[in-house]
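Below you'll find only one chain, the form predicted on its own, shown as structure tokens.
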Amino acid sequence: MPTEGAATRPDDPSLADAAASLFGAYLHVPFCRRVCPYCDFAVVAGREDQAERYVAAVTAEIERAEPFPSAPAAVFVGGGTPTRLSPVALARLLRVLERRRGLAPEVEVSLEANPEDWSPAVAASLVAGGFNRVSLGAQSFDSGVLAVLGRRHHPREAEKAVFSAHDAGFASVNVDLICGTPGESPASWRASVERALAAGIDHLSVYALTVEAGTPLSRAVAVGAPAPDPDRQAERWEEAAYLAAAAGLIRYETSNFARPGHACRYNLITWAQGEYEGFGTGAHRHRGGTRSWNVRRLDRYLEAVEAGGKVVSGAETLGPWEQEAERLVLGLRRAAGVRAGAGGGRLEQSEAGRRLSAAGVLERVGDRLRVARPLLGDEVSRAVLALEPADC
């Protein structure tokens, strides 16, 4: 894989392709102070009394896992809110992974964090424990929007978290923003993006607020609360893309922008159909062409591990055509696109593919296909999935 030095653009095709040969590891921490109304992840609120038991269970799952094909080049600790565990507990999990499975030289070790759980002392402890990348869930720098999203921090706390992460020695600092929250104005959104960029972040992730079934947000919308407006979300994304580019961040995936040398390696692995192992509640893995996932409920997970039982709740093995279609769908999210291959050729020759090419949405650059208009990427994905299965 190309060395991710200062000159390496995150949208470099060689960086995207090489990620397929790397191995990643994901650790899930389900604990949250409270569950946000839009969240449908495997999370629990107010259960930190189970933290020690959970760390012991994840440790046991790591120790029982099948051998890895290679030492992880990227480790991602997500949630939930990983920083609801102490830095000592998080470092302990990382050390177990390293001791039992090894870590690649210059491994990327990321974790998600909320601003209200962050402090200079926490940041310094995490760096000392081996973490070198952090993704801060700011979501907005507007207090009113944060209230609608159910977030508990103040915008200034998010700024301070970015500053202290850099001061502590984190090599890369990302900020997550959510666009299209009802009540968010164009001026509010622009100010949020500008404030994140002005803090000196290395990476920006911009996600549209979505209404997931079974969440408090979905129930509120069902009884008349305003839903996110897709057209306004598109406008917000375009605004963010423009501001990020002006600040020197390069779009390398539909929702992600980074300075040279700061692309998220773990995400590059997943988008390239690379292999990765997952540990903890609801964690997913991709090994040997099979995708599987753990039980989501905390109590069931703990009981299964402690009884020496299986924590996997489901699995699927994709056939050759399904793998090829997935390769295209995932790869076309990247600015670098994807090698056309057999499936790409079929897409270009299909009626939908010809229409998308004529409209300047889908384009060929050498042996690669890319989406030139990222906001229409879902339409390209639908065209891929509509293709008739074929031998690959």
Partner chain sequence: MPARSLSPELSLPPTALIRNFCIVAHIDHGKSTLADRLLERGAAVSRRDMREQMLDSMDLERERGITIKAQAVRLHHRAPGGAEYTLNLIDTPGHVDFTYEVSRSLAASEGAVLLVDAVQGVEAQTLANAFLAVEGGLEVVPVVNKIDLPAADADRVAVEIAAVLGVSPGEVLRVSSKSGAGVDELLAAIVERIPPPRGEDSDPLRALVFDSYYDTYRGVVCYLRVRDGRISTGDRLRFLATGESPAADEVGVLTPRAVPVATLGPGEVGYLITGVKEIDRIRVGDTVTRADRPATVSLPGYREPKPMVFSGLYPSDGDQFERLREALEKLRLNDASLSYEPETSRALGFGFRCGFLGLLHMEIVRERLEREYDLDLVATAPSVAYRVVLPDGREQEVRSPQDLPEVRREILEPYVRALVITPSTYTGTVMELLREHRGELSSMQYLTPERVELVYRVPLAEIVFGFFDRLKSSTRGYASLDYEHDGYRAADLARVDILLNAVPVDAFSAIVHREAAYSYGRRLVDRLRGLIPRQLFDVPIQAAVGSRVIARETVKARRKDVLAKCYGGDVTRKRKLLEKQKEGKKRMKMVGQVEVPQEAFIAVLRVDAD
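Positions refer to the first chain, counted from 1. Please read all numbers here as calculations on a predicted model, not as lab measurements.
One more form of this protein should be noted, the form predicted together with the partner chain, which is absent from this view; the next part is about it.
The stretch in contact with the partner chain in the model of the complex, judged by heavy atoms within 4.5 Å, is 205-213, chosen from 302-310, 153-161, 205-213, 119-127. Though the partner is left out of this view, R92 does not reach within 4.5 Å of the partner chain in the model of the complex, counting heavy atoms only. Put simply, E316 is close to the partner chain in the model of the complex: some heavy atom of it is within 4.5 Å. Among heavy atoms of D49, none comes within 4.5 Å of the partner chain in the model of the complex. At least one heavy atom of L385 is located within 4.5 Å of the partner chain in the model of the complex. Proximity of F31, R33 and R297 to the partner chain in the model of the complex is absent: no residue of the three has a non-hydrogen atom within 4.5 angstroms. This chain lacks the partner; the member of D167, E98, E238, E194 within 4.5 angstroms of the partner chain in the model of the complex by a non-hydrogen atom is E238.
The contact residue chosen from P230, P226, G288, P105 relative to the partner chain in the model of the complex is P230, the criterion being a non-hydrogen atom within 4.5 angstroms. The partner is not shown here, but in the model of the complex the stretch 15-41 reaches within 4.5 angstroms of the partner chain through a heavy atom at Y26, D40, F41.
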